[in-house]
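Here's a solo chain for you in structure tokens, the form predicted on its own.
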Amino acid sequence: MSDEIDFDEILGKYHSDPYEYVDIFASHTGKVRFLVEEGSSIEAVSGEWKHIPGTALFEITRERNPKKVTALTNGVVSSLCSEHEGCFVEAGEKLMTIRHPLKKKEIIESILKEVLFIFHAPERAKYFFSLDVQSRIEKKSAREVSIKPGDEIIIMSLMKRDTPVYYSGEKGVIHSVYFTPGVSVDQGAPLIGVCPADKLPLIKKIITRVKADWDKKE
């Protein structure tokens, strides 16, 4: 991680295009029927317990079992792969892209992902902190918990089997947690962001600068 950040360049990028482009893929093989059009506004899942589903994006039918897939993020459908309408697609086929407007907090997290060491999920599975790490987080906070390479930090729960996951990365404190315990995470998705202790002032500087810049804009 560099000690110097070109704030003007980074912030300029988010000022000119303050969006995240989220690609949506077929969850499994099946026949696709789109339920939105290009330009449609999309509402994300909501409610106190996330019990209100988001906008229905498409329906995919396999073995006569139709399944509606709903949005997890809000935004606008910026592109739609309409050539797949009424056709069979393979799992993982790209179906559309949602342009999601970034909030200040999301912009900060996006910038931090570029400067923190990101530890990724090795498999699509559910994840939990190990008992030792969870105990230390409860006594302090995640940002006061130091980890180093070789530490057993996370438990991966897959096919009713729990497997310890050992940390491999820079020694530091757990600055950001990107997963919810017990909720499935895709392979390669970020689990935690780690910051070496001596770089924490730089991280604070990033957060302060982005907050000040966006408050001025708003």
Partner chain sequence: MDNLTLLSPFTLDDYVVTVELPLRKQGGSPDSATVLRYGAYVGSVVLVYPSLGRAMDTAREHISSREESGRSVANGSVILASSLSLSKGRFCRSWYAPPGGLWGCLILADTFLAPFRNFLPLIPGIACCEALQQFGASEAAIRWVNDVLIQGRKQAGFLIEGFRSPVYGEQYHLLGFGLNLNNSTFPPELQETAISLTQVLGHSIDTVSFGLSFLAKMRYYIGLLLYEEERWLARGGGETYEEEHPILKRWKELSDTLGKRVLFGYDVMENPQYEAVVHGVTTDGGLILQHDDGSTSVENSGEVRYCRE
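The model shown is predicted, which means the values in this text are computed figures rather than measured ones. Residue numbers count along the first chain shown, from 1.
Just so you know, the form predicted in complex with its partner chain exists too; it's not on screen, but the next bit is about it.
Taking 144, 171 and 175 together, does each of them reach its partner chain in the model of the complex with some heavy atom inside 4.5 Å? No: no residue has a heavy atom within 4.5 Å of the partner.
Find the only residue in 66, 182, 39, 188 having a heavy atom within 4.5 Å of its partner chain in the model of the complex. By the 4.5 Å heavy-atom cutoff, the listed residue in contact is 182.
Query raised in the report: Which listed residue (84, 136, 104, 126) meets the criterion of a heavy atom within 4.5 Å of its partner chain in the model of the complex?
Result: By the 4.5 Å criterion, the partner-contacting residue is 126.
Looking at the partner-bound form in the model of the complex, is residue 52 within 4.5 Å of its partner chain by any heavy atom?
Close contact exists here: in the model of the complex, residue 52 approaches its partner chain to within 4.5 Å, heavy atoms only.
| said: Can you tell me if residue 163 lies within 4.5 angstroms of its partner chain in the model of the complex, counting non-hydrogen atoms only? | reply: Answer yes; at least one heavy atom of residue 163 falls within 4.5 Å of its partner chain in the model of the complex.
Q.
I'd like to know whether residue 70 contacts its partner chain in the model of the complex, with contact meaning heavy atoms within 4.5 angstroms.
A. No - in the model of the complex, heavy atoms of residue 70 and its partner chain never come within 4.5 Å of each other.
Quiz item: Quick one: is residue 35 in contact with its partner chain in the model of the complex, heavy atoms, 4.5 Å cut-off?
Solution: Residue-level check for residue 35: no, no contact with its partner chain.
Check: Which one of these stretches, 73-81, 89-97, 136-144, 118-126, sits within 4.5 Å of its partner chain in the model of the complex when only heavy atoms are counted?
Finding: It is the stretch 118-126.
Given a CA distance change of at least 3 Å, are residue 185 and residue 46 closer or farther in the model of the complex? Those two alpha carbons end up closer in the model of the complex.
ask   = residue 97 to residue 182, Cα distance in the model of the complex relative to here: closer or farther, by 3 Å or more?
value = Farther: residue 97 and residue 182 separate by 3 Å or more in the model of the complex.
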